[in-house]
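To begin, one chain is listed below as structure tokens, in the form predicted on its own.
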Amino acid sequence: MRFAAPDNQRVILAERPVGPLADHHFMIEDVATTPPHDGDVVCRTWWLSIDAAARTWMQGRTYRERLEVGDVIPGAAVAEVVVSRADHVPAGTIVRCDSGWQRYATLPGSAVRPVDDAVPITRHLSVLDVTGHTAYFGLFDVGALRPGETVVVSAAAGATGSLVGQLARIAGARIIGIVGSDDKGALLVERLGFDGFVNRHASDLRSALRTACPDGADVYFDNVGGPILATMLRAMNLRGRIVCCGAASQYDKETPDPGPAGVPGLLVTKRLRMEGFIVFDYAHRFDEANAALRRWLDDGSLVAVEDIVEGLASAPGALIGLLAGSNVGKRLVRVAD
């Protein structure tokens, strides 16, 4: 069958950022869609995930190769297979794939995963995907949470933080969120069942944390690093666990802050465990996480908070805003209906 290539549009890295990310670091290109070979599929992007990690990929090699100028910005998507050269993925299948920031992506059929349409499609990029898996394994495996403990999570109104807090509540813990505004804090308490919140702009953050956590914190789920991590080291209880998930406060800085002064002193005196993790280390257990997350979604104990931005051209601004904390919940871009 002859392939009629649809017009593609993609967002590429135009300039490597030094300091804060800006619009001029991106370029939108109109190109032809790559023709598929045997075993390939052509996917039309419906929904695109916006993740703070994309900023780190521009800086250097992390758990993936550095993003180079001219490369399509990476990103997970829910897409429709519009052309298939792979027998096991027929045209019309709705899939989760790593298409990057573009309207059409030609991928190996083995690289796409059909999704269950019994839940809203966007859930396959929020709760039932890397974000949900990060919260699940970070809290329960790395954080080793026990019922009755106190959990503090930073960037608590973000994609991962909002799920961490809810999972902690479901597990019988007391949960305090650190947020950038009182409005976000109110949403956590009123809609998601957090026990309280602390505004990170408080004049005395350490005092505010003592008020919110009079008995200290047993688990701190760190999404931001920087001064908040340094403050939380002093709020931890004996044998507390610090889950190092991200350092969003440092991603947009030309020169990141030095590590917190409490390391290793506080780790020793309080016998703390501080551990980083990459969620893909748990790939062999993603089905386990999805089964639990799906059960909690179905019974209403877990709420999916999704922050929708319209149009592929809005993706750069969506990432810039995400790094500045403008989102509530999982930020997604609707590329097509």
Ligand SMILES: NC(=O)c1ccc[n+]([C@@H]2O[C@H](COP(=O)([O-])OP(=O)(O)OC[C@H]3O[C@@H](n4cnc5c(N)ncnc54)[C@H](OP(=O)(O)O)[C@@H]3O)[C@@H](O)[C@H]2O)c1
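Position 1 is the first residue in the sequence shown; the rest follow in order. Just so it is clear, the structure is predicted and the values come from calculations on it, not from any experiment.
This next part talks about the form predicted in complex with the named molecule, which is not shown.
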| query | 278, 27, 303, 69: which sits within 4.5 Å of the named molecule in the predicted complex by any heavy atom? | reply | 278
| Though the named molecule is not shown, can you say which of 224, 219, 167, 232 has a heavy atom within 4.5 Å of it in the predicted complex? | 224
| query | Does any heavy atom of residue 184 come within 4.5 Å of a heavy atom of the named molecule in the predicted complex? | reply | yes
| said: Residue-level contact is defined here as any heavy atom of the residue lying within 4.5 Å of the named molecule in the predicted complex; does residue 125 satisfy this criterion? | reply: no
| field | Contact flag, residue 52 vs the named molecule in the predicted complex, heavy atom cut 4.5 Å | value | yes
| query | Could you tell me if residue 99 has a non-hydrogen atom within 4.5 Å of the named molecule in the predicted complex? | reply | no
| field | Triple contact flag 77, 94 and 290 to the named molecule in the predicted complex, non-hydrogen atom at 4.5 angstroms | value | no
| remark: Here the chain appears without its partner; judged in the predicted complex, the stretch of 258-266, 117-125, 238-246, 208-216 with heavy atoms within 4.5 Å of the named molecule is 238-246
| What residues of 141-164, in sequence order, lie within 4.5 Å of the named molecule in the predicted complex by heavy atom? | 155, 158, 159, 160
